[in-house]
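The chain below stands alone and is given as structure tokens, in the form predicted alone.
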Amino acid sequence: MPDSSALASFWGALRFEFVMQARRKALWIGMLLLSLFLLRNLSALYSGSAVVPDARTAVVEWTTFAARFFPIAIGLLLADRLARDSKLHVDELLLTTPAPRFLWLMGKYLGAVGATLLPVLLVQLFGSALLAIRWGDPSALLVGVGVFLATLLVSALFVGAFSFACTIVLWPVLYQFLFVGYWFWGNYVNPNTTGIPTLNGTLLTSDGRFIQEGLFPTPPAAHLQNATVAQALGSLGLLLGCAMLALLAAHYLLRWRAAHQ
């Protein structure tokens, strides 16, 4: 068990990273521009041109549509966090605190992911509220929160961990280019029609569709995977497990780099 001073340092790193990331103009401008693109889907659901039977289904479709695109921006915006700290020597300052290196890394990771998700959450709640008002069903807001946690939060934790780990050994711009390619390969390429091996359609599909389908099923016509609850929990465990492995790898890479500087 870490002592109180180590935990205080962990929370300090988390708060520092959250505030620094939340103050970035690029975060808010980038998410705003992406949100304008996503409003087309929201408008179709709200106007009725996209046929859905109730508010619950509309909110699920809105949130899962957002989960296809917001993680791209999240991964790109998190790719420079460790590199920038190293350039500005902020990491050297934070590492003088009593917190063990892994706690320091976890604080930075959770703070950065949380701040990057803040505008995403606001947009998702805005859309969910409009759809709940449209159908007169306030309970749809709770469904929206659940689907947000199952898709966007899980995806953000997954891509955020790899954005931290991979940029220790890769130039951030190169990682960003490769990450965008991975996202479309791993979530959009259909192996049945293209013949290209891909993670799409497996439990490692990282936009959270298996989790949504299993835990928040919509009418059969809207199903993408017809996932079961067991598959949803399996996908949840695999994605978060891979995120933790990436963070552990980042921890050991940072320790190795510090020892050889």
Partner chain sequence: MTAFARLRYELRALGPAAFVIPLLVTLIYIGFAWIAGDSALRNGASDSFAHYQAMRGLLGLIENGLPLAAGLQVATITGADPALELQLALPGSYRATGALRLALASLWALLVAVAVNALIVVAGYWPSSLISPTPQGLLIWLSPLLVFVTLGTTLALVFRSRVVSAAILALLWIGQFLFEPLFLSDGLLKLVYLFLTEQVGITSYWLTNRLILLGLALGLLCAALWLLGRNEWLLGAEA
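What you see is a predicted model, and the numbers here were worked out from it, not measured in a lab. Numbering follows the first chain given and starts at 1.
The protein also exists as the form predicted together with its partner chain; that form is not presented, and the subsequent description refers to it.
- When contacts are defined as a non-hydrogen atom within 4.5 Å, none of 44, 122 and 135 contacts its partner chain in the predicted complex.
- The closest heavy atom approach of residue 24 to its partner chain in the predicted complex falls within 4.5 Å.
- Although the partner is absent here, residue 33 sits close enough that one of its heavy atoms falls within 4.5 Å of its partner chain in the predicted complex.
- Its partner chain in the predicted complex comes within 4.5 Å of a heavy atom belonging to residue 193.
- Its partner chain is not drawn, but in the predicted complex it has a heavy atom within 4.5 Å of residue 171.
- Annotated contact segment (heavy atom within 4.5 Å of its partner chain in the predicted complex): 74-82, selected among 105-113, 125-133, 161-169, 74-82.
- Taking a 4.5 Å heavy atom cutoff to its partner chain in the predicted complex, the contacting residues in 175-204 are 176, 177, 178, 180, 183, 184, 185, 188, 193, 194, 195, 196, 197.
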